[in-house]
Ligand code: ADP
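Given next, in structure tokens, is a single chain: the form predicted on its own.
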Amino acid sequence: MTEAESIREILRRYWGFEELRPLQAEAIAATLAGRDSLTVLPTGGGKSLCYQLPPLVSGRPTLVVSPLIALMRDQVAGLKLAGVPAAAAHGNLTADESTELRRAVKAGELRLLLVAPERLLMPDFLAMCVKMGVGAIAIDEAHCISQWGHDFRPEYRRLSELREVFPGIPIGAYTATATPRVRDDIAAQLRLQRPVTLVGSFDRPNLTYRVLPRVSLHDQIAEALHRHTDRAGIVYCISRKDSETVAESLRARKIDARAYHAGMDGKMRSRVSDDFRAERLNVVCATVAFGMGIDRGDVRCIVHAAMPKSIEHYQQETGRAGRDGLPAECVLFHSAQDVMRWRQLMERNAEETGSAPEFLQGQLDLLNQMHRLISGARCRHRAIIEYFGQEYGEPSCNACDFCLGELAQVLDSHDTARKIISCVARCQQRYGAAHIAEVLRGSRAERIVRAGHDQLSTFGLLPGLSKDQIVSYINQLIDAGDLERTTDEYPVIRLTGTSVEVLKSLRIANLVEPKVAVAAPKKARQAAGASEPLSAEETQLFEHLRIWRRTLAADRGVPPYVILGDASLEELSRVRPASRQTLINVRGIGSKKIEDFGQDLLEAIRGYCESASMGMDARAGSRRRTLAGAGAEDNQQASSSAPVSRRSGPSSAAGVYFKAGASIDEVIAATGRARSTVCGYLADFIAAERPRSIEAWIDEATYQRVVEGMEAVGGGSFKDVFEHLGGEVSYDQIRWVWAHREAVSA
């Protein structure tokens, strides 16, 4: 078997995929060739597979440096579920777990060992790793090593020492967000030698971006989340207090949400994180402390309650939506005040930590880039990928507020701007945005009257607008440079060099506001391989399978998305496999998962379809392969006494009866199972045992009719054959013949 064939076979067997994604093959080939590499793939682009697959080909373990315990824990759970020998070393291991880890390392049982950088560089642990015969080293979240990146971590700097400790061992650096400057710094800091540099597209076509002025924040956030009821969402806030306030406001609006930030009690923080990962909680309001260790693939909505401090942060945080490739929405609510808040936080942090002036300036430059992104009136997808040094070839993304035409110009926009600027001047540039708004609305609050501002010519010029609306317009004028806000403890609004130009109409001011109705994310521009939306019946089955997945995950103590992703559940809802022979054709389901819980899954689908009168084996699945041709391990499993599961049960008992030539009715009587269930068992039995003849269950004439139908449709689905035969032959009979033909031809 060639190396390419070995890679493909391992991909099928462990991960249930038929093909690698763009750049995965190149990254894997570089490691297997002993080359250093730097791989940049967006979140959800499959970068983890680039370092998880090579050790299964080479037979030598890979050492993976990972920054967070939660991230390591979930990755290891997913790898073990797929059948990959893996373990993680971190400070939360018990004494027994540490002993077992060292035993497994010494015995050479592991193919992947995940470890935090500070633990890896401990002398005794490093010595153990040297003895395990490492074949490759992977540095995950590699941007953490660069001070020009958005998440610099000093402990990553020492990773350059690995070059001396493991001479000649290839080092691969992996990240989701890195500008050309950061990529160069990563390669230099890790001392990569002639690295193969692979940079995927930074575009996430399944994400819909919306950047909207902040008007009534809590209502706006609730509206966005209501578009994704019963789905996962993360609301990012600047401060701890903000995250708690937003969570409280959402609960008041009947949205179950909880806060998450570094100031919380550790147990409470872990509980929120665990509940989110286990799908017991769908909405978390958090600071940036939440997210990197969360690998949940079905996040459908990311909300930024304020502007992030860099495009890198924005790309990474929004990248946590739609990791499974399905549509998701990212909404950012902003005001000019956000820039001031971030600047103050950065300056205070630099002063407290004694950071070099150039480091602070670098952070301020990133902040300014982010501000320009949200202020610009252009396609959001184009702006993001051009920032990362790539070209955008689409005339319209059809997946952002700008391209969807969701921002409406305010009626009499220029006149409204002139009234606001005039009021700032009349108030002698000494008051904040809230005060200016109250004057324009005509408020007779005590402070307005005491200042004599109820006597100004601008008093009450905008009576029909709310305070939030006027403050939003003031912020937009600040964004456009037509007003400015001071950075004092109590900031005030002042005029700028262009304010007079607006007053004299030498410069036209444009104010925008979101249209009343915002549609849910569209699928007009889908990621490669995306499928059409589920029908109403399929959606109900999908929800049924989500409950099944959540129950199984709880029994096994792993997050639900480790069992199967939403993309796999969607395909299962379309295909509705009735046997292992068609289950193997669903993307994301490998041999180990079929062996592990395939029978439970088939019965969950079969039971629902029976109750809902839905046909099964409705489609062929995206992978189009059979167990018989899947490889040695699959053949070994197929010849076992239990066609789908190694545990004893009705399916294995049915196999015994079928071997004895029992009819369908006899097996129903013996096992007590439904006819459709026993028919599925027979298809599994035929695929596994490969009997020379199946005349005990289908007569020769019907068999030949099905064969002729299969040849006529040219390898289509069961449904195609069923329709070609005019519905005169049952799906079960077609499935038996199909399984038998595949088995005897293998």
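In this text, all values refer to a predicted model and were calculated from it rather than measured experimentally. So that there is no doubt, residue numbering starts at 1 and follows the sequence shown.
Not on display, but discussed next: the form predicted in complex with the ligand.
- The partner is absent here; in the predicted bound form, the one residue of Arg323, His143, His381, His304 having a heavy atom within 4.5 Å of the ligand is Arg323.
- Just one of Gly709, Pro67, Pro691, Gly46 comes within 4.5 Å of the ligand in the predicted bound form, counting any heavy atom, and that one is Gly46.
- Under a 4.5 angstroms non-hydrogen atom cutoff, the ligand in the predicted bound form lacks Phe722 among its neighbouring residues.
- Within 4.5 Å of any heavy atom of the ligand in the predicted bound form lies no heavy atom of Val729.
- Residue contact check for Leu20: one or more of its heavy atoms lie within 4.5 Å of the ligand in the predicted bound form.
- Screening 29 to 37, 47 to 55, 677 to 685, 691 to 699 for residues having heavy atoms within 4.5 Å of the ligand in the predicted bound form returns a single hit, 47 to 55.
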